[in-house]
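Read the single chain below, which is given as structure tokens and is the form predicted on its own.
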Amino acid sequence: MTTKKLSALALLVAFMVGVQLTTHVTGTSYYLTQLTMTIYSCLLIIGLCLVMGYAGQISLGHAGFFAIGGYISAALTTFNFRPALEGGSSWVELLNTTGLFTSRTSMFGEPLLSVQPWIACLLAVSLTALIALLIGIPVLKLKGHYLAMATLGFGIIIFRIVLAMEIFGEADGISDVPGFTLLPGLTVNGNLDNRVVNYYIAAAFLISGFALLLNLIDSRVGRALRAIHGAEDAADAMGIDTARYKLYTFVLSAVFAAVAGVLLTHYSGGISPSDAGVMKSVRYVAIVAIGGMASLWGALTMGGLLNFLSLRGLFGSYDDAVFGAILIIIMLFAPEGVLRLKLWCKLKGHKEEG
């Protein structure tokens, strides 16, 4: 990693620490709850930025990948296997002896035997990657609005599945999701006493993911992706395996979304069908567009700002309408994003002419 990248990441770390210290000094530590949720959403957004800004693929189904990760982990860690164990199920007994299950008590005092969060997380992310691979093979052959419609259809399917299946709580979703213990003393949960710890856990995941993507886009793979985005036919003629690069990028982006879904679900203690809704995907696309599709820093900045304002209830009941309107405005007047240099140069030029 170059000195420039290390300096940029150090600045991001300093900013994260500065935000937490500011909330402590000003007595506004309650903001850390929304900030932590915002950080997990930003993890999905920078993954989507890789697909849209560098591979040139429009995805309206990333809320579906988020939901797959969150719902699978939630279902496995809340489903009670104890009746099967007491009924003499040999495979449940075998899995229990290997340490894959954990015992706890539900919010109603019921003894539960469920899958360990680490195992649930690995299964959820692996399943998401597999689904993204299977979906991506045929879908990524499409381009433009055809691809957008195909991914939108995938998102709608996931939404209807979680809304209809009893194991996923149907319209109520899944609640009472236990905390996710990453290491002794480091647990992802919504406990108010652990707000600061959880904030830094989320920050560590985001910074790690961001560093990974920064290195990726400046590597041979990143150069290939930019070539595909600029002129796919030309890139293919030069020997770049465009189909493979697009597919792997799509899967990696889905993994980012799944990890965000798992962590945010365990932090919030639940997940609902609204997290898989089409408007969630539209929101993510809008944020990437606002920050600049080929700008990880822009996507991260605008993702953090707009998600936090949304979670604080600034837009009220017009939340979805605001993000839809923002997307339209950006596409009309600033298709390269509000943080792109060309836009500010144009504004400056108009100002000087006036």
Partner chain sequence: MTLELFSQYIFAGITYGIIYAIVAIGFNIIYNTTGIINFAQGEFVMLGGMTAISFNHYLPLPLAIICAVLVTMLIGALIEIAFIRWLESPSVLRMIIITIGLSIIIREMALHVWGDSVRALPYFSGNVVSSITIMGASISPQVLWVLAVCSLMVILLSLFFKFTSLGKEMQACAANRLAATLCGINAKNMVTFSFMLSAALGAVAGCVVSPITSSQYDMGTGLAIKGFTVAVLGGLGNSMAAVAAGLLLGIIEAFSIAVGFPLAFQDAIAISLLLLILFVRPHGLFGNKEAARLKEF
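Numbering follows the first chain given and starts at 1. These numbers were taken from a predicted model, which means no experiment stands behind them.
Just so you know, the form predicted together with the partner chain exists too; it's not on screen, but the next bit is about it.
The partner is absent here; in the model of the complex, the one residue of W118, Y248, F79, Y146 having a heavy atom within 4.5 Å of the partner chain is Y146. Interface residue among P184, G239, P111, P138 relative to the partner chain in the model of the complex, by the heavy atom within 4.5 Å criterion: P138. Heavy atoms within 4.5 Å of the partner chain in the model of the complex are found in exactly one of 121-129, 274-282, 261-269, 218-226, that being 274-282. In the model of the complex, the partner chain sits within 4.5 Å of a heavy atom of L142.
Though the partner is left out of this view, L332 does reach within 4.5 Å of the partner chain in the model of the complex, counting heavy atoms only. The closest heavy atom approach of R104 to the partner chain in the model of the complex falls outside 4.5 Å.
Taking the partner from elsewhere, A325 is found to have a heavy atom lying within 4.5 Å of the partner chain in the model of the complex. In the model of the complex, M165 is the single residue of 165-184 with at least one heavy atom within 4.5 Å of the partner chain.
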